[in-house]
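Just the one chain here, laid out as structure tokens, in the form predicted alone.
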């Protein structure tokens, strides 16, 4: 996803001279080499100065540019949160705040690098939109949308090596709308971001063991959320599962529960999110997700009775 973002930004930057990238520290800048080398006047590395990164982007936007602020998710939103709120959202500026490694993808680096509550934090900000693509193809589509937006956007990305899951999706990527990735008649799994691979694995296991038909739906736009679309899913399917790599507070699962209450949904609704705690475990991404109770096995067992 990181490379897909960098390549897409380079492509739209060749066509639109308003595109500017501001990075904090050198670690994420390697994939931006094409943009940096061809457009040195539109590439700024502020070093370990995230507040300056956001402030500079705000100033560039006021001068007619379309800036992207880019670094690891925890540093692109938490360290400069006041600047994101006041410089970008308060003035409704067209700045894309790009967070690499959303969720707990930087598993072995510990809580300082885990953005497990970022959607709740950014979603609470007026004017802020949130996009969380699930694969490199959706990352390209999301980046192009961000390059045309007129207000602030949080673009939540994975890291690297994510498989393409949407090449044969029956529906296109549309900002603000749910996207059907796999049709199904009996049950539905809703997810977003790189954890979408788990949603496909859950659907495959249930279909193989129970013969049920399971749809997979992507909620790639978390703000504005497709409330009507989720309401229709809750009304259509007897079992709905939400899988997300985010705290149980303020993420997609919490919002789906609210929609279920508001619409008096009668389906069986199961949600699997990160726990509201810091888990001090040194392990892989998969191991840390499992420690939070988010796994194919847990979802299949609790939601479908499949061991």
Partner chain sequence: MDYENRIFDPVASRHRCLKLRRRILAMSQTVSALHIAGAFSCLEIVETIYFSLMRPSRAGHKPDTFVLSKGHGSLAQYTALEELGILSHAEMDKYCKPGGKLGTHPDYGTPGIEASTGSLGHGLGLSVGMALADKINGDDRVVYVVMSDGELQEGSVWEVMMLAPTFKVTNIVAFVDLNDFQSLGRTSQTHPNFYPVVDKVRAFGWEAVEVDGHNPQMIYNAVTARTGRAPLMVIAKTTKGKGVSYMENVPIWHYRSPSPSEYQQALAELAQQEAAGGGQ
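On a predicted model such as this, the values are computed, not experimentally measured, just so you know. Residue numbers count along the first chain shown, from 1.
Unshown form predicted in complex with its partner chain; subsequent notes refer to it.
- Looking at residue 186, you'd find every heavy atom of it more than 4.5 angstroms from its partner chain in the model of the complex.
- By the criterion of a heavy atom within 4.5 Å, residue 49 is counted among the residues contacting its partner chain in the model of the complex.
- Mapping the unseen interface onto this chain, residue 145 falls outside it, with no heavy atom inside 4.5 Å of its partner chain in the model of the complex.
- Its partner chain is not drawn, but in the model of the complex it has a heavy atom within 4.5 Å of residue 63.
- Though its partner chain is absent from this view, in the model of the complex it lies within 4.5 Å of a heavy atom of just one residue from 270, 275, 34, 42, which is 42.
- Note on the partner interface in the model of the complex: the residue among 207, 171, 86, 117 having a heavy atom within 4.5 angstroms of its partner chain is 86.
- Judged by heavy atoms within 4.5 Å of its partner chain in the model of the complex, the contact stretch among the candidates 52-60, 235-243, 252-260, 276-284 is 52-60.
- Contacts with its partner chain in the model of the complex, taken as any heavy atom within 4.5 Å, map within 68-95 to 82, 83, 86, 87, 90, 91, 93.
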